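There is one chain below, alone, in structure tokens, taken in the form predicted alone.
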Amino acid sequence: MAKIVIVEDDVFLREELQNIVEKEGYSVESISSFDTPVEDIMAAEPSLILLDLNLPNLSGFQICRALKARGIGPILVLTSRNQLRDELHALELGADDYLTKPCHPKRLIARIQKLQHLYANMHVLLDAGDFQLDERTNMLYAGRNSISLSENEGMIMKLLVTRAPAVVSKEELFNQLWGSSEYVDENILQVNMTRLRKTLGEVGLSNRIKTVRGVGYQLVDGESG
């Protein structure tokens, strides 16, 4: 089931949007705390984000930019700001669509369905600067070279790229790969990382994963790996 994440600080509008979207059969998660909105949205693993622009702490523009830099989307901006410059700026930052409030529920659902259809039929590339990862096919592109990653290699690289430059903990990797760290030998994770490094070496990226002893792994630039 597709999950819609609502990023709206008006509690009454947030509840109204949630009701509208849930009636169409979507799973909904609403962001109600705005201390770490980008991290909270990413953790929810959204199929689509409904994003207001006038928010506490970070603006919707800043959130949009941060999410798109990590390959997260699609993003449908829903805001009371009806100036053309605001719409153009949001689209320049990577927003996929822009609607102004008040918005008829049928129009909102139609736009959500359209974006869902578009994203279901397109490749989404996570950009790490000198290489890109297609998170749907696990194809990694480095310059003129490309290589197919295994399912586990793809899941590891997706975490490392989206969390960079932060360290991805072993616990998080265990949960992503095997659903839990319980009954899983740590050596299995080390074997997977060794295989991934060997695969990356085939396209000149062997030094991109750094082991942070006792903590986890980190995606770094080629010189500091």
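In this text, the rigid core denotes the largest set of C-alpha atoms whose superposition between the two forms falls within 1.5 Å. Note that residue numbering follows the sequence shown and begins at 1. Predicted model only: the values in this text are computed from it and were never measured.
Keep in mind the form predicted together with the DNA is missing from the figure; the text below concerns it.
In the model of the complex, the DNA stays beyond 4.5 Å of every heavy atom belonging to R70.
The DNA in the model of the complex is approached by E186, whose closest heavy atom lies within 4.5 angstroms of it. The DNA is not drawn, but in the model of the complex it has a heavy atom within 4.5 Å of N152. Taking non-hydrogen atoms only, W178 approaches the DNA to within 4.5 angstroms in the model of the complex.
Screening 158-166, 37-45, 191-199, 62-70 for residues having heavy atoms within 4.5 Å of the DNA in the model of the complex returns a single hit, 191-199.
Along 193-215, these residues reach a heavy atom to within 4.5 Å of the DNA in the model of the complex: T194, R195, R197, T211, V212, R213, G214, V215.
If you fit the rigid core between this form and the one not shown, you'll see the Cα of E39 move by less than 2 angstroms. Superposed on the core, the two forms barely differ at L55: its CA moves less than 2 Å between this form and the one not shown.
With the core held fixed between this form and the one not shown, A66 has its Cα displaced by under 2 Å. Relative to the displayed conformation, the Cα-Cα distance from A43 to N152 grows by 3 Å or more in the model of the complex.
In the model of the complex, the separation between the C-alpha atoms of A69 and S169 shrinks by 3 Å or more relative to the displayed form.
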